[in-house]
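The chain that follows stands alone, in the form predicted on its own, written as structure tokens.
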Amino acid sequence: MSRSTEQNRPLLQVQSLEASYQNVIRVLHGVDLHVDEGECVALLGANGAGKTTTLKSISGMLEGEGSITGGNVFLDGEDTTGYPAHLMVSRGLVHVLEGRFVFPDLSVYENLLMGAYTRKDRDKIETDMEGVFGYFPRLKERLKVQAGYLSGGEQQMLAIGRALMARPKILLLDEPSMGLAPVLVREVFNIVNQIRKEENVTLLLVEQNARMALKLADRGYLIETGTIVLHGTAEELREDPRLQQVYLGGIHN
């Protein structure tokens, strides 16, 4: 499943992005961010700050809930503003939604196959599935089990594994730690970091657990009320007094 990559090439660019719900409730107010190929970038913020709306606007998942009202999204140099989700997947951008959203009535195997639905190289799908099992052995153990019967941690692993089956260039991960015990959070983040290094997958990570996110990320952005208010390297953000006090529990580390 490995793919070679050039470092420091802009893969995702978001320029002056604005979005609203029901054409009335304005949520994003000119968001600017970029993710270079091979990077992990964290998007931090409190509940309601606009993190999930930003991801959905990028990935084409906002349709039906809201709309992009201004700005642009560029994926690998192509203006993909407003593209539906299936076109974004076919171009290499896959969004792992908050709350996991597996298909509960389908087996683990069937869920993984669904991740590969846009692919033409059908002969390589089984090989890639074995690659997913290398990261998540528990999925192989529960291959025939309906996804609705998996634990929360297993469902998160399945959601990430299903995304990998699309052979993404960039993964958008929305709150992968949500609802998981601390030991599982560490396990999932360790595996995500391993995937990033071994598969050369670029990551845009939304996470309320700022401490964990900044351990994984190269850079980060802080969003408040739909506006980017702070950005920098992970080290710079960890050292920022405001971020320490509000998002890192006031503990310097």
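All figures in this text were calculated on a predicted structure; none of them were measured in a lab. Numbering starts at 1 and runs along the sequence shown.
Keep in mind the form predicted in complex with a small molecule is missing from the figure; the text below concerns it.
Here the chain stands by itself, but in the model of the complex one stretch of 197 to 205, 32 to 40, 183 to 191, 49 to 57, 49 to 57, has heavy atoms within 4.5 Å of the small molecule.
Judged against the small molecule in the model of the complex with a 4.5 angstroms heavy atom cut-off, the residues Val27, Glu65 and Glu98 are in contact without exception. The shortest heavy atom separation between Asp128 and the small molecule in the model of the complex exceeds 4.5 Å. When contacts are judged by a 4.5 Å heavy atom cut-off, Glu154 does not count as touching the small molecule in the model of the complex.
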